[in-house]
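In structure tokens, the next block holds one chain alone, the form predicted alone.
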Amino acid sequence: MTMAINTASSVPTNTGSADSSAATAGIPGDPEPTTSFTFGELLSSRTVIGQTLKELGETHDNLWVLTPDIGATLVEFRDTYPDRFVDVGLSEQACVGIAAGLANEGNIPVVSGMLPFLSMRALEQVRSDICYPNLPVKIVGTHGGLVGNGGSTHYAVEDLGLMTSLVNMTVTSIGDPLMVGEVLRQSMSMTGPLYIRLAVGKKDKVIYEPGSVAVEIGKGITAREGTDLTLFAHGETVSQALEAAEVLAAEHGIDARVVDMFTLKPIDADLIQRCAEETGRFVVVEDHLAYGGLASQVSDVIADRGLRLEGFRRLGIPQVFAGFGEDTELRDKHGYGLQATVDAALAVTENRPSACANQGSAA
């Protein structure tokens, strides 16, 4: 199922509210949307989630929302459908277990909380209670990557590796707040479990003009066209990749394609293959351990399909506990920030004749 992002034509700025009543026309089925992103406009993914769940609750009387004591975003659903809202307190295992029970009775449960705990503390329940019977439980959470300045206990940096390894689990990582609502709407017709990874979810950059791109779970989004290399990213690093592409174009004459691979499982292998054939050079940047996340998924496709590349770099968190700090500061510290992304792109295109010429003139 393919749908354009469904939101108002006027995106609120820094308000944390979204009006979904005036959908704009999208480009359904367009495999190569043109560049269309808006930096500097912020929106709360948490607010989008709360409003979307309330909206879906009207048409899905079997939709339940559960949380392990992270319910501020869910007030609208709680107040409208109190008989279908459960706050278990700080007990992620119980929350996932109850969700599994509700799904077994024919309901559609959404679990909302912090991913460091839902992905690890409740991992056994996710695997055995949800994935094994292939139940339609949605796990939606915040603090994916080094966001929130909460220290290593409150960062979800292994979660994508864990979740993509689970049988039946669909795994997403979303950077644009407007996409969160669209993915939730699509998920109502899914038969199996879904994992939705977000950053802090309070002030997220709107990446795409409303209605400008088609969103389909399982398909990547070409956020920016380019011919010299492909920058793959997911979540918050999509906007960073777009910024890097602009720097590469302006300062080095390099035309970088940016792919928002917001679904890590199932991965869009056909899009990866097309990018390999058309650009021949890859840089994967992600707010996750460098091994086990998107770069590993892309590498598997390269190996499985026997694709040939002229250059490949992966940028992510090395094997360290990252410590405290703002997310941009930590990305720079651990080598996958904006400048590192630009440098990696320069490295994989160093033998490109036009790139060498432009670098020389820029210097």
Partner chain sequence: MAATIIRPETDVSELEDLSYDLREKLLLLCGEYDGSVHIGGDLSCADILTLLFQYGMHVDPQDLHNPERDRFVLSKGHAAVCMYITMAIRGFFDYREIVDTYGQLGSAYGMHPCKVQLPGVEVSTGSLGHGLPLATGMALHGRRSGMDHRVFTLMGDGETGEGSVWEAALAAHSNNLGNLVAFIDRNRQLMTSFSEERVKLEPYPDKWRAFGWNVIEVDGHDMGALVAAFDSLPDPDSDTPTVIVCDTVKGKGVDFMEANLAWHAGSLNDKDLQRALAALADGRKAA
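Positions refer to the first chain, counted from 1. Because the structure is predicted, anything quoted here is derived from the model rather than measured.
What follows is about the form predicted together with its partner chain, which we do not show.
Proximity to its partner chain in the model of the complex holds for none of 116, 147 and 152, with the criterion being a heavy atom within 4.5 Å.
The listed set 100, 276, 261, 217 contains one residue whose heavy atoms approach its partner chain in the model of the complex to within 4.5 Å, identified as 100. Only one of the listed residues (188, 166, 94, 249) places a non-hydrogen atom within 4.5 angstroms of its partner chain in the model of the complex, and that residue is 94. Annotated contact segment (heavy atom within 4.5 Å of its partner chain in the model of the complex): 76-84, selected among 230-238, 76-84, 171-179, 189-197. Taking the partner from elsewhere, residue 222 is found to have every heavy atom lying beyond 4.5 Å of its partner chain in the model of the complex. Using a 4.5 angstroms limit between non-hydrogen atoms, residue 125 touches its partner chain in the model of the complex. Although the partner is absent here, residue 132 sits close enough that one of its heavy atoms falls within 4.5 Å of its partner chain in the model of the complex.
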